[in-house]
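First comes one chain, alone, set out as structure tokens in the form predicted on its own.
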């Protein structure tokens, strides 16, 4: 049995004729934050979306290799993808709250999975909004439209919505790229708080963000994982020249 929560081995991925990932292997430890960094178009988001099979919805996508979650290969044809995405939630670059109330955003997933007891749902709403560091800002207006919230609040609501179905892993695809510095800071603090109970994998363009909040960092370039290590090693003592050039801004 692996001590890792997720093991990626020899992952190759194609969109039609275009190969987007080349022989990627890395592991994700439980209750950690793993950051993926690298220039635009290097495969970070593609790798992230592979972890909960979000690439399945892209026409012409083909995958080879193995991704194990709790020692089971999630790329196997018999995988229940709906159940997988319940356990491995996703936060996107742009906040995408549903056009309904704040409360209904959080209860949407549990209702879909058969939770109807009002008391349980109310308790869940408070718990998840609290965990996403939003409760003090919205507790008096849970019936208000989610669209009335600021961008940063909407992103934290999306995190609360992801938490409502009791995931183990939260994938974040550049969750702060559309936010101002104050909102970004709140999401970073939140990510660090969440790792007590969850495992976080984050794609970020912001190297400072990766160095601030992650335990492990993978540097990607042209669809390849160039280097993967503890974050302090990647930023202070990278073993690959390409990583060092990227970290120090002598890239391209």
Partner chain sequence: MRNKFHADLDALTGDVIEMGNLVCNMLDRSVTAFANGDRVMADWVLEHKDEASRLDSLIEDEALRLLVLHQPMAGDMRRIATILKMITYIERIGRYAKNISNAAIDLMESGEHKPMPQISFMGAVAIEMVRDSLMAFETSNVKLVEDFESRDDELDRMRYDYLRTALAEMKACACNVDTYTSYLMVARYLERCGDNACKIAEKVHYMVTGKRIEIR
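Residue numbers count along the first chain shown, from 1. Please read all numbers here as calculations on a predicted model, not as lab measurements.
FYI, the form predicted together with its partner chain isn't displayed, but the following is about it.
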Next item on the list: Work out which of the listed stretches, 191-199, 25-33, 221-229, 205-213, brings a heavy atom within 4.5 angstroms of its partner chain in the predicted complex.
Entry: 205-213
Notebook entry, point to check: Would residue 241 count as touching its partner chain in the predicted complex under a 4.5 Å heavy atom rule?
Noted result: no
Notebook entry, point to check: Can any non-hydrogen atom of residue 237 be found within 4.5 angstroms of its partner chain in the predicted complex?
Noted result: yes
Check: Is residue 8 close enough to its partner chain in the predicted complex to count, meaning some heavy atom within 4.5 Å?
Finding: no
Check: Should residue 248 be counted as a contact of its partner chain in the predicted complex, where contact means heavy atoms within 4.5 Å?
Finding: yes
